[in-house]
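Below you will find one chain, with nothing else, as structure tokens; this is the form predicted on its own, and questions on how it binds or moves follow later.
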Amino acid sequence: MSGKPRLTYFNGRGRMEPVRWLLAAAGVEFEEIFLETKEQYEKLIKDGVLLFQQVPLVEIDGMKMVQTRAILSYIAGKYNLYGKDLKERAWIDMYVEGITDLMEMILVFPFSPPEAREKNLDSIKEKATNRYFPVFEKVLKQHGQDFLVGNKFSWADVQLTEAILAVEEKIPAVLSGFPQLQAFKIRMSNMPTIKKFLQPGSPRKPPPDEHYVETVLKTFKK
């Protein structure tokens, strides 16, 4: 095995995409193994590789890490994206948890039945514009700095950028009332490591399609 982190997940965004984002933002190259069959997944369980019988799986620094939050915390700490002290870490955690709640709605959206799509999309828009994005708009306006915490690039900035772009894919004008977030998105998208990740051919995955949804459902089907 090379020194690069190795990611095992489906060939799509899901719960692995924030890990890809964070590694890419830190300038870390990684390898990927894509699950395509139920047999691959069951073999990982049989081999005792998945602590709680769940993916994502990230092999890094001799560890086989599971649980998205634990993986992201480790990467953020390892690559100095987790604040300078406990207070900054606490703010980063709060912001990340809030963004994760919003992203959870986007994560499950492709799996919702067609008749529920419009209602779920309205719910994403309502929560983004009334609950989550106003928080970050206010934070950026109040402290007048480029980044969310400590005027230094952190995990929270990466996660917020991912969320903004994911929501914009579904609701293109969602930032129309958030000038601070519009400027933030431009700043983050022009950071060299993130700019590279946003280019065609990068490990960033496209929005989930029917094949991705079918592969996930087939793999976990009892």
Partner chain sequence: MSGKPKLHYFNGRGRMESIRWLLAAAGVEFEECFLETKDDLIKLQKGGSLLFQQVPMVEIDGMKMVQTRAILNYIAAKYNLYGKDLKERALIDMYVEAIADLNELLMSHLFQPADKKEEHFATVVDKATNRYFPVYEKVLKDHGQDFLVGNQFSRADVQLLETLLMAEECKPDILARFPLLKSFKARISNIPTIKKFLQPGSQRKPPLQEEDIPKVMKIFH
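Since the structure is predicted, the reported quantities are computational estimates derived from the model, not experimental observations. Residue numbers count along the first chain shown, from 1.
Below: the form predicted together with the partner chain, not depicted.
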query	finding
Residue 144: touches the partner chain in the predicted complex, heavy atom cutoff 4.5 angstroms	no
Interface membership of residue 101, the partner chain in the predicted complex, 4.5 Å heavy atom rule	yes
Residue 97: touches the partner chain in the predicted complex, heavy atom cutoff 4.5 angstroms	yes
Residue 61: touches the partner chain in the predicted complex, heavy atom cutoff 4.5 angstroms	yes
Region of this chain that lies against the partner chain in the predicted complex, out of 83 to 91, 145 to 153, 103 to 111, 116 to 124 [heavy atom, 4.5 Å]	83 to 91
The partner chain in the predicted complex reached by all of 30, 174 and 197, non-hydrogen atom within 4.5 Å	no
One residue of 164, 65, 188, 44 in contact with the partner chain, assessed in the predicted complex (non-hydrogen atom, 4.5 angstroms)	65
Residues within 4.5 Å of the partner chain in the predicted complex, restricted to 54 to 81 and counted by heavy atom	54, 61, 63, 64, 65, 66, 67, 69, 70, 73, 74, 77, 78
